[in-house]
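Listed next as structure tokens is one chain, alone, in the form predicted on its own.
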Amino acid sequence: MDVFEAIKGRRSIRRYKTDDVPEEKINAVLDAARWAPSWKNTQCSRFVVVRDKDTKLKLADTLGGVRGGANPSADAVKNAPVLIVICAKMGRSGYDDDRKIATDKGDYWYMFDTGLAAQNLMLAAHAVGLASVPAGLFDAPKAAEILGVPADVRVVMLLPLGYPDEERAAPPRKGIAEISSLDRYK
């Protein structure tokens, strides 16, 4: 699949078939994620692959509501055949060689690095016939506790993964002229 086709064709899917996802496909998407760029190639992203139904149910319970309602990704977290939990090893991204924070973003640069890895993972998933939806509104410390994540690692995103059981149209996008300018911000 062409990269532009993958970018324009990927959708956030919340309903999945019950079909098992082969290990080869999981390894393929994880391989794409590990090739994402990162701050000074520190590769802070870590991934927990969850197949266990009880663990997925516990993680779904960490999801917060949206505007007073249930989180629309809760069923996906519970029912997708695979849940990839994207984490970040702290103290790596955004630091200079003297271990001092190097940017005005502080130590939050790990969010950028894990975002790049997540995007690679989601595009690769789409390219191999899988679907995903990034879920970010959840109790990350509680999710870390459920998964036994060490204190120097942050849980960043829950990413249900499986074969899509729905089709979604592309949402509208702003035009290039609305999002870009030449030489100065407008």
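Start at 1 and count along the sequence shown; that's the residue number. No experiment lies behind these values; they were computed from the predicted model shown.
Quick note: we don't show the form predicted in complex with another copy of the chain, though the next part is all about it.
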query: 4.5 Å heavy atom contact, R11 to another copy of the chain in the predicted bound form; finding: yes
query: Any non-hydrogen atom of R168 within 4.5 angstroms of another copy of the chain in the predicted bound form; finding: no
query: Non-hydrogen atom contact S73 with another copy of the chain in the predicted bound form at 4.5 angstroms; finding: no
query: 4.5 angstroms heavy atom contact with another copy of the chain in the predicted bound form for A60; finding: no
query: Residues in 154-172 with any heavy atom within 4.5 Å of another copy of the chain in the predicted bound form; finding: R154, V155, V156, M157, A170, P171, P172
